[in-house]
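Taking the form predicted on its own, here's one chain by itself in structure tokens.
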Amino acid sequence: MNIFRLAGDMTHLLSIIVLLLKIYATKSCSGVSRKTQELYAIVFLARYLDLFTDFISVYNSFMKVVFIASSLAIVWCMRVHPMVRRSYDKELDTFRHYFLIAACFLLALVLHEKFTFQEVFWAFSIYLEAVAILPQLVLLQRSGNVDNLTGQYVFFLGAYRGFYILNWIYRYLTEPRFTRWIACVSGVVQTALYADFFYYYFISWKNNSKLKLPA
């Protein structure tokens, strides 16, 4: 494992910790897209089908369990927890995410590295992760103001993917048989979706003002 992969994993983990802190400390999920969280739960469940069949390392298995468990816990809180679910912005979170699921699955059936059950679902998870943030970004644009914890969550989530792009570049330069082109292209698309958010996040940080996204 290289330093970029580790930094990516840690910022990804940090984004989840920030989101869980917001939900459990404030008992509120205001400003958080449940649809994005459901997409991430599907992403991790589809990607880590090999959890009980292919052992790579203790670290690898631990991170897989953490991502699956945390994503399911967040969805459970937003759907079931009596206090948290009352703060859900249902009127703002209207992105039709099932279209993303269908489109990404069809794309995975056509574009994959190997036509096997696990590889198709791996490709599906990569494509879906690339666009899973869209409902969250749309919700933030509609709400206008973004609270600090939600803004930090999205920022760390975007930083995670940025570090993974550096990881792929490093692996391409150092590994003779590195061919994960699906992950590389999808990662670039995913990072590009954060560009507008990063711009306004930087402006907010520079001016020491509240983060606002234009509608």
Partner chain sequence: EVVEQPKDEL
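Worth saying up front: this structure is predicted, and the values here are computed from it rather than measured. Residue numbers count along the first chain shown, from 1.
Not on display, but discussed next: the form predicted in complex with its partner chain.
Q: Mark Thr179 yes when one of its heavy atoms lies within 4.5 Å of a heavy atom of its partner chain in the predicted complex, and no otherwise.
A: Close contact exists here: in the predicted complex, Thr179 approaches its partner chain to within 4.5 Å, heavy atoms only.
Q: Since only the chain is shown here, I'm wondering whether Gln152 would be in contact with its partner chain in the predicted complex (any heavy atom pair within 4.5 Å).
A: Although its partner chain is absent here, Gln152 would stay clear of it in the predicted complex, with no heavy atoms inside 4.5 Å.
Q: Does Arg47 reach its partner chain in the predicted complex if we count a contact as any heavy atom within 4.5 Å?
A: Yes, Arg47 sits close enough to its partner chain in the predicted complex that at least one of its heavy atoms falls within 4.5 Å.
Q: Tell me, yes or no, whether Trp122 is in contact with its partner chain in the predicted complex, where a contact means a heavy atom of each within 4.5 Å.
A: Contact with its partner chain, yes.
Q: Contact check in the predicted complex: Asp93, Arg142 and Leu213 versus its partner chain, with a cutoff of 4.5 Å between any heavy atoms. Do all three pass?
A: Looking in the predicted complex, the three residues Asp93, Arg142 and Leu213 all stay beyond 4.5 Å of its partner chain (heavy atoms).
Q: Name the stretch, out of 72-80, 93-101, 132-140, 106-114, where some heavy atom lies within 4.5 Å of its partner chain in the predicted complex.
A: After filtering at 4.5 Å, what remains is 106-114.
Q: Under the 4.5 Å heavy atom criterion, name the residues of 9-34 that approach its partner chain in the predicted complex, in sequence order.
A: Going through 9-34 in order - heavy atoms within 4.5 Å of its partner chain in the predicted complex - there is one hit, Asp9.
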